[in-house]
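As a starting point, one isolated chain is supplied in structure tokens, in the form predicted on its own.
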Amino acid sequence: MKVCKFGGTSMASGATFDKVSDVIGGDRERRYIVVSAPGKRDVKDVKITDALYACYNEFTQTGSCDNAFEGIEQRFEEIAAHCAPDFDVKQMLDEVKNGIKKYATREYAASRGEYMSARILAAMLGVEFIDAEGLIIFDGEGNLLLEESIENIKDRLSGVDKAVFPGFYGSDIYGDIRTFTRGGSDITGAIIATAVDADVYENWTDVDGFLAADPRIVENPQTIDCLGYKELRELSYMGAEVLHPESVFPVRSAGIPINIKNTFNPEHSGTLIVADKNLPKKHRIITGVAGKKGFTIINIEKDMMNSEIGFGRKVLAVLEEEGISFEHVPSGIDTLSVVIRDEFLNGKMQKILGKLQDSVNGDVIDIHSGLALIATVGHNMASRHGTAATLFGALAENNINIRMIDQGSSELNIIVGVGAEDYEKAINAIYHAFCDEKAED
């Protein structure tokens, strides 16, 4: 039995709904379906979720959302007319429009794209629509209550052979709609797959699988046929955007594999994501390369730092007081560096530098902005000699200066910091240094 989640591109129009219907109908084991809100039909189009955020903004500013809602109405009317002509789309649209005015919350408005997609697809397929409201539960602070949600879904699906769910949202203990972060329909699918103990969680998108590098940077990167949960987590966190990183946890604990598939090329095997112990014996040393721009390093130098008890705690306490999280903390005997996202430092830099000086009395405290982080990920890296040499050699050959190096204790990845101006060149250099290597036993 399979749980399938279809992304925004798959739900963008009546024509793509047809492709989704064909995929579902092509395998009777695809019984529980999770859908996103309609995405863009072309580069000039607007995602429905963004249009719904605009509705909320218009309502809070003017008391009406008529102008912003007009395009949403037209979009869903066209989809319903194509897919389910007998479905009362006007009643649904009126309900949503009035709900935005009644509940007046940003999360309620944002959730309605998935809600309407799921209702139309359920009508098209002639199966039951099951709302995520009241099933997927959050606490009062917006944190997912996973075990309670799983039990709710198990109870609700008792005796239900086939159903369509909206992704991205649930409700909290007070009954208010709550959403995951963007892309959170992936999490909904993973929760449902865990609740029903699915054999496979299929995540349908618009690419043939997980790519070994960003295709906007590397020309025609290879598709990864198989990778581990931990590798996926690392690559997703560093910017590979095929799957929401938080969607890994429910299915990983249940041992359910994830299959990334292409709605528009369903015959392609895609990428299978499995527990590390189930990875094939022959596997590439490097699974993939991913990265992000927009980081700053705060460097602290102080003689005899290594003998000063609590030094690191004092540094991190300053960040905690300012509500700032960090990415990495590489260190030496008399040096400690903290890597932070630029967005977290906006308007706070001078205050943080002053508090750090007061707290640790460093000999030198300076900052370096314009940093990009690149993660080279592969579970076989620890067992293969010369991986770091190949990576650093590739950067040196391309005249790229390394400003930071960090390797996790699991030896699953090596992270380097380079200047933002070298980011694309560095991604290409690392990728091409490894992409032609054969899989090893």
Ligand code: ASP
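Residue positions are given as counts along the sequence shown, with the first one as 1. Given the structure is predicted, the values throughout are model-derived calculations rather than measurements.
The discussion below concerns the form predicted together with ligand ASP, not included here.
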Non-hydrogen atom within 4.5 Å of ligand ASP in the model of the complex for each of 190, 194 and 257
no
Though only this chain appears here, would residue 47 touch ligand ASP in the model of the complex if you measure heavy atom gaps against 4.5 Å?
yes
Consider residue 376 of the chain shown here, and say whether it contacts ligand ASP in the model of the complex, taking contact as heavy atoms within 4.5 Å.
no
Looking at the partner-bound form in the model of the complex, is residue 185 within 4.5 Å of ligand ASP by any heavy atom?
yes
Does any heavy atom of residue 210 come within 4.5 Å of a heavy atom of ligand ASP in the model of the complex?
no
Answer key: of 201, 204, 165, 168, within 4.5 Å of ligand ASP in the model of the complex (heavy atoms) is 168
Among the candidate stretches 66-74, 391-399, 33-41, 368-376, which one is within 4.5 Å of ligand ASP in the model of the complex when only heavy atoms are counted?
33-41
